[in-house]
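Coming up is one lone chain in structure tokens, specifically the form predicted alone.
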Amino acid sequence: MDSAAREALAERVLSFAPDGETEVLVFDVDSGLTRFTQNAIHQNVAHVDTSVRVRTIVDGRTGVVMTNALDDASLRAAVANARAIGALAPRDDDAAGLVANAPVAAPDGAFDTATATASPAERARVVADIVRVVEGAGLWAAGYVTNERSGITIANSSGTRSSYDTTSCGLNVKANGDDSTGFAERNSIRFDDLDGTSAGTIATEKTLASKAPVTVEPGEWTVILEPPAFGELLSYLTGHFSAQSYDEGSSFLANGLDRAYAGDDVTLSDDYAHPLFAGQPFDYEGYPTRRLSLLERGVAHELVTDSAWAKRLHRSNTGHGLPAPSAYGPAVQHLVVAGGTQSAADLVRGTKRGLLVTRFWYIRPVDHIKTIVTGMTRDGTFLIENGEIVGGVRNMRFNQSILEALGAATFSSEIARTGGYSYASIVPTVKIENFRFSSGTDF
């Protein structure tokens, strides 16, 4: 469903609302996923859906209903049910109301036709390229290749009409040996960026280089985190920049803005328009999203807000709202970490003794306010001695404050888009001093 069709659908839903305020979100997605293991494809998934979310506000009372039944009777019922739910909700005299805003243009490059139309056969060709390399080295591979086309339209009774269409794709591969593994990923807007041969080669080389891993003692180490590891670590920091977390006191920023929380080399931003994102230029209320500096040379300047939290805290709306009303508050959506001046190879060469970490696994919070998390290394951990990678290391568990890590961080000049089930970020490889490992493993 293209933007014109979504907008027509949204207008039809609005016509069924007799009075009060009504907001309609139309989500449309067409995604494909090819999974493989033991060097063979074992699953293809296709997901196609158009859904409508209706929010009504009548006499200060809000109701929300979502449906993917798009006939008139079902859409009328969705509006009626939202109003009925709202009638049972408490009245909120301080609610911000619906956003009134003009359409917002998408960044250049947000939509790629080749990605939108990539077939299972095309995904299988990427898998074949991965397997050819991995299998040729006597290893076996597991992972996935995926592509997606999606669109959103927001229309409300205050006059907001905004639409956005995008594509995304990615691959994830783990090469497996007898006593070692290696990982590679690629995330992009363009399907042509998914190079199976390159990803298979990286994963294979990591697996072979980490054969017969040795045990090293836990304690404080100099670490070099590649983008998959660093991006996942930072995903546990972004919630602190929410105005809701700030106000509730669950964010480290509750200690005050305009003060240093990280090292001088650390600049974090929320930038939907970064070319590797070309992200949604408005939030889920239809308000234009601002490009924000979250940490500028270590100093915190900004919170992300939506209409409700902007009103409550008497701040400007930064356009970071989730579908309202949201128990989670506003959220950072497009995290970008500024790169440094050295290459990733230079970071390794400048390390007398340390660990290179490909990725982390199963990170969980330990102390939220102090930003302490725990987790494991996985799929390629290496010992560095005198500026050279000398071999594989058995996986280790860490307990580390993210803010303390950012207090002693040096970044590479290369950046990459990385992501997981609930986050996406653009980050460089990073070198961190005194990273705390609490224990080792036997694998």
Partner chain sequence: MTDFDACAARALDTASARGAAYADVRFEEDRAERIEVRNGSVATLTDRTSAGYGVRALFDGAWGFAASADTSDAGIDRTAARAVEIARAGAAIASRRFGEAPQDRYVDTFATPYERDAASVPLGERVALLLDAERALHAAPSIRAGRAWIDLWHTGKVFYSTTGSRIEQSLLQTGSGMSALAAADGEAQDRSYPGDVGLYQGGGWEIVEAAQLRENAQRIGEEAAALLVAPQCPSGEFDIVLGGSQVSLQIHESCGHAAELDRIMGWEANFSGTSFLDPAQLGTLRYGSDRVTIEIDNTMPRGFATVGYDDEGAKSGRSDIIRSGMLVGFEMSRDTARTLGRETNACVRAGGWEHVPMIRMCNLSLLPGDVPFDALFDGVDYGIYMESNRSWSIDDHRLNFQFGCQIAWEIRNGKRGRMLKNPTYAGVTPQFWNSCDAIADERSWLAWGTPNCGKGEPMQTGRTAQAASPARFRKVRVGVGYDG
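Just so it is clear, the model here is predicted, and its values are computed rather than measured. Positions refer to the first chain, counted from 1.
There is another form of this protein, the form predicted in complex with the partner chain, and it is not shown here; the text below is about that form.
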item	value
Any non-hydrogen atom of K211 within 4.5 angstroms of the partner chain in the model of the complex	no
Distance check, S413 to the partner chain in the model of the complex, heavy atom within 4.5 Å	no
Contact of H314 with the partner chain in the model of the complex (heavy atom, 4.5 Å)	no
In the model of the complex, P120 touching the partner chain (heavy atom, 4.5 Å)	yes
Contact segment among 259 to 267, 150 to 158, 348 to 356, 325 to 333, judged by heavy atoms lying within 4.5 Å of the partner chain in the model of the complex	325 to 333
Selected contact from N172, Q280, T318, T204, since only one has a non-hydrogen atom within 4.5 angstroms of the partner chain in the model of the complex	N172
Heavy atom within 4.5 Å of the partner chain in the model of the complex - the one residue of A344, A128, A110, V104 that qualifies	A128
In the model of the complex: members of 352 to 368 within 4.5 Å of the partner chain, any heavy atom	R359, W361, Y362, R364, P365, V366, D367
